[in-house]
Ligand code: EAX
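Only one chain comes next, encoded as C-alpha cells, the form predicted alone.
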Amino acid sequence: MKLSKLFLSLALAAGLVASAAAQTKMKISISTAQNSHQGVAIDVFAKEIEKRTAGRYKIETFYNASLGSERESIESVQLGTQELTFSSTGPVPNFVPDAKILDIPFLFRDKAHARAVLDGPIGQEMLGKFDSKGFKALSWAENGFRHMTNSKRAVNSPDDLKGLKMRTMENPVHVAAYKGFGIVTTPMAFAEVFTALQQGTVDGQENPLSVIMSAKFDQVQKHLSLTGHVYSPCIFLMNKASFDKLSAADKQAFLDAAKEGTKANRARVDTDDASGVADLRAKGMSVVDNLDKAKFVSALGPVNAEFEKQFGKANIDKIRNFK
C-alpha cells in the first residue's frame, strides 16, 4: 500500500514538473500605467492566451516602459529578445514606413470610421506589411483621438499654437503636421514626458484623454483643448519567428486573444472619452471643447498637399471615404 502511494506521489510530482517545463513564458510590455486602456489590452490578452492554450503559454505583463520605450520595445521584438509588445503607432513608421499614412491629421471622421478602416480590408492589408520586417502584427487596437495640452495658454484657434514648445511622438508625419501649426516640435519617448512638462523643458504635449488621465498630466498641465487632430491606433506586435514556431491552433489562439484584448481596449477608450473631460475639469484643468475644427484643418492645407504627394491622393481618399 505504501509503495503504491509512493509511486502515485512520484507520478504526480513528475507530472507537475513536466507541465511546468511545458509552459512557455513570453513577455509583453506597454509604456503606460497598468490602469489604462493599454493596460487593459495586455491584461486581457495575457488571460486569454493562458485560457486558450490551457496554460501552456504564460504571458508576463510589464507596464510604465519598464522594459524600455515603445521604440525600444519594438526593436526588441524585431530582434527576438522580447516576444511581444503593445504600442501606439508613434514609432512604428521607423520600422514599417507604409504605416505612416494612418497618422495623417484629420484622416478619420470618428472612432467608428477609424475602427471600420482598421478592421476592414485596408487595415488587414496593412497588418500584412509587418511580416517582412520581422514582426507578426496580431491586431490593430486603439490609443484614441489626440488632444493638445499645455501650461501657457488656452488654445482656441491654430494661431494659439504658434511658438508653443510641444513634445511630439517620434513620428515623422506628426512632426511635419505640428510644424505646419507653427509648433516648436520636440520628439521624445513617452516615459520622459511627465518630467519634461514638470521641469518646463516643453510647454505641452498631445495625447488621447485615456493617456492624459492615466499619466496624470493634469498635475503638470493647465490647459486642454479638444482638437482631436489625429486618430492614434495601437497595435499588438509579436516576433515573427516566435509566431511561426507556434502550431496552427496556437497561432489562432494568439490572433483571437489579441482580438479580445482589442475589444477590451476600445471599450476602455470609450469609457475614458465619456468621463474624461469632467474628470480633468474636476482636477483643475481648463478645457476648451468648442473649437472650430475647420480652422485647424485649413491651417494644415500646405502640409496636406505634401502628404498627398508622398502617399498619393487616391490612397488617402480611399481611407477618408471608407464606408
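Position 1 is the first residue in the sequence shown; the rest follow in order. In this text, all values refer to a predicted model and were calculated from it rather than measured experimentally.
Unshown form predicted in complex with the ligand; subsequent notes refer to it.
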| property | result |
| --- | --- |
| In the predicted bound form, the one of N207, N171, N150, T227 near the ligand [non-hydrogen atom within 4.5 angstroms] | N207 |
| Among the candidates S73, N143, Q221, N239, the residue which, in the predicted bound form, approaches the ligand to within 4.5 Å (heavy atoms) | N143 |
| Candidate site I49, T85 and K259: all three near the ligand in the predicted bound form by heavy atom within 4.5 Å | no |
| Residue contact check: F108 to the ligand in the predicted bound form, 4.5 Å heavy atom | no |
| R167 within 4.5 Å of the ligand in the predicted bound form, heavy atoms | yes |
| Close approach of F130 to the ligand in the predicted bound form, 4.5 Å, heavy atom | no |
| is_contact(V211, the ligand) in the predicted bound form, heavy atom dist at most 4.5 Å | yes |
| Contact segment among 49 to 57, 286 to 294, 269 to 277, 31 to 39, judged by heavy atoms lying within 4.5 Å of the ligand in the predicted bound form | 31 to 39 |
| Residues from 174 to 205 in contact with the ligand (non-hydrogen atom within 4.5 Å) in the predicted bound form | F190 |
